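So this first bit is one chain, no partners, the form predicted on its own, shown in structure tokens.
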């Protein structure tokens, strides 16, 4: 049987010791491969364009340009961009929230253990779920830039799309949503695509952030 291709990872952090530690953890896993490193935000953009990884572990505070701008440039500059996980010291950092707003798939604390790191990389690379939904909800409560009035897309959501968006915010995968709603996975996939189109989101994380800022998920 042919083994699946390893998940290709780029490490972006201005501290060499951090990159070395991350590389050692990931290199011990047969399905993960570190294909590049970057010490600045600008270098991260360049390395990602050259190496075309599946996942980027991105520090938010780096020289030249920070992880937020680097994330934005990577996602805007590639037709098939990688999933980006922000790596941070402080989980309630407004920088992290801003990175999620521009398209990061989730975030990971620098104090996370090896199992959490490896699990996060695998999750964002090969899953359609939201990384750490409870933490995203906490960040949104702390930093969401509330809209003065609900945007038009809220009223355009169908009942089923609204239900799907709430399940997305809870971190359910398409398969889990399908079971919960008693519909087929293809139907859920269609609803998710419609939610992304109506919210103007690149991915599930941006859609959930938009939902919090619109007040759609407030007090839920």
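Between two forms, the rigid core is defined as the largest C-alpha subset superposing within 1.5 Å. Residue numbers count along the first chain shown, from 1. These numbers come from a predicted model, not from an experiment.
The same protein also has a form predicted in complex with the DNA, omitted here; what follows describes it.
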When the contact criterion is heavy atoms within 4.5 Å, does residue 183 count as touching the DNA in the predicted bound form?
yes
Residue 189 within 4.5 Å of the DNA in the predicted bound form, heavy atoms:
yes
How about residue 46: is it within 4.5 Å of the DNA in the predicted bound form, going by heavy atoms?
no
Residue 14, heavy atom within 4.5 angstroms of the DNA in the predicted bound form:
no
Going by heavy atom distances of 4.5 angstroms or less, which of 52, 167, 69, 160 would be at the interface with the DNA in the predicted bound form?
160
Quick check for you: of 170 to 178, 38 to 46, 60 to 68, 24 to 32, which stretch puts a non-hydrogen atom within 4.5 Å of the DNA in the predicted bound form?
170 to 178
Return yes or no for residue 14: a CA shift of at least 2 Å between this form and the one not shown, with the rigid core superposed?
no
With the core lined up, does the C-alpha of residue 25 move 2 Å or more between this form and the one not shown?
no
